[in-house]
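We begin with a single chain expressed as structure tokens, specifically the form predicted on its own.
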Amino acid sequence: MNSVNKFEESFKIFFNADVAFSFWKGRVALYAILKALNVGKEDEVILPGYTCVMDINPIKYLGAKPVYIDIEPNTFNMNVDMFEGKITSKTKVIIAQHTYGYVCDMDRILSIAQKHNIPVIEDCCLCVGSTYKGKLAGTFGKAAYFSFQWNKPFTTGLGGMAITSDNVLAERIEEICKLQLVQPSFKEKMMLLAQLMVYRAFIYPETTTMAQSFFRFLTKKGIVVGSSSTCEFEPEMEKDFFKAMSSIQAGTGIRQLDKLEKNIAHRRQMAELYDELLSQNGWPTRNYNKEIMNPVMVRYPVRIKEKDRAIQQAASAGIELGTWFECPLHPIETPLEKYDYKIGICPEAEKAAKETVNLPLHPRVSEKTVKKTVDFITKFNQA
């Protein structure tokens, strides 16, 4: 068994799924699922209006239309009260995005979806290990997809995975992969390997902000393998978009899976410390139903009035401050009109984009980092 197959096998076992399919990026995994579900021209796909634009691209590539639902302010997840009214005869798929690690109200989403006979796909790109009523996020819908990009719950540099226990869907994905999946080039693999080595050696909370800016510069110059390319903001499918995972990514993924339980425990511990320290400073903390949800946060979101000023000061202060989401369809460069988004259709999402920054929780974050980060962020005015 090669490393890619071994990673897929280990991943599906963790989620108790029947099949796992690995890809070069998470958005490729979503594309494979949508294509296998025969999403095409004139179809509609429902998803939250507070997401990454790269999740919209696979929908657009297939000729379908994204239909955006506003979020509820505490968990940043799709407001379930709103989405049934958006279902039409053209609705083909519902994407339940578990934002920041908070799990969607899956009982209500699945109930409405089943009533209308519409499949649900779980977006677990920001959520690994979270549970809803004791069951792992990613195991409720017809399929789920994950991203292993640099700032996700665990990383293989780039990478993605699709899981399903639906035999018909699995057979269709496998068929599509056999016909269309391309292998990454030697150059891409070597560039990614070099980036992984640099990441392991030099990327820490104190250096992350400056490193990200430098990385974006190198990406535009074509010196490193970036998460996104310019053409993806058209939206235009780049050449060889439907790409397989490399053995380098898979080997990293296997090692990350071995550390996943420790990673999850660390994130929960650090999130609880943020809760404690923010509360001591009179700031609001996470607000979710603890009786049904046990989240594993990818990052800790807080709302402030001076988001831009905080981001500008973070790098010089040695603070790792995340900007998710800079606009309803992150990042800020997204030409919203090309993605069927009109300002005003998701006011809570737009408000969150203006106010929300997020604090680090990854395995290199220490108690000292958390305390320093809270000291920094509480100097600003909470929203």
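Everything numeric in this text was worked out from a predicted model, so none of it was measured. The numbering used is simple: start at 1 and walk along the sequence shown.
Same protein, other form: the form predicted in complex with a small molecule, not shown, and the subject of what follows.
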item	value
Among the candidates 319, 52, 34, 346, the residue which, in the predicted bound form, approaches the small molecule to within 4.5 Å (heavy atoms)	52
The unique member of 144, 78, 296, 125 whose heavy atoms fall within 4.5 Å of the small molecule in the predicted bound form	125
Heavy atom contact within 4.5 Å of the small molecule in the predicted bound form, the stretch among 357 to 365, 370 to 378, 8 to 16, 21 to 29	21 to 29
Residue 267, heavy atom within 4.5 angstroms of the small molecule in the predicted bound form	no
Partner contact for residue 152 in the predicted bound form: the small molecule, 4.5 angstroms, heavy atom	yes
Contact flag, residue 97 vs the small molecule in the predicted bound form, heavy atom cut 4.5 Å	yes
Residue contact check: residue 101 to the small molecule in the predicted bound form, 4.5 Å heavy atom	no
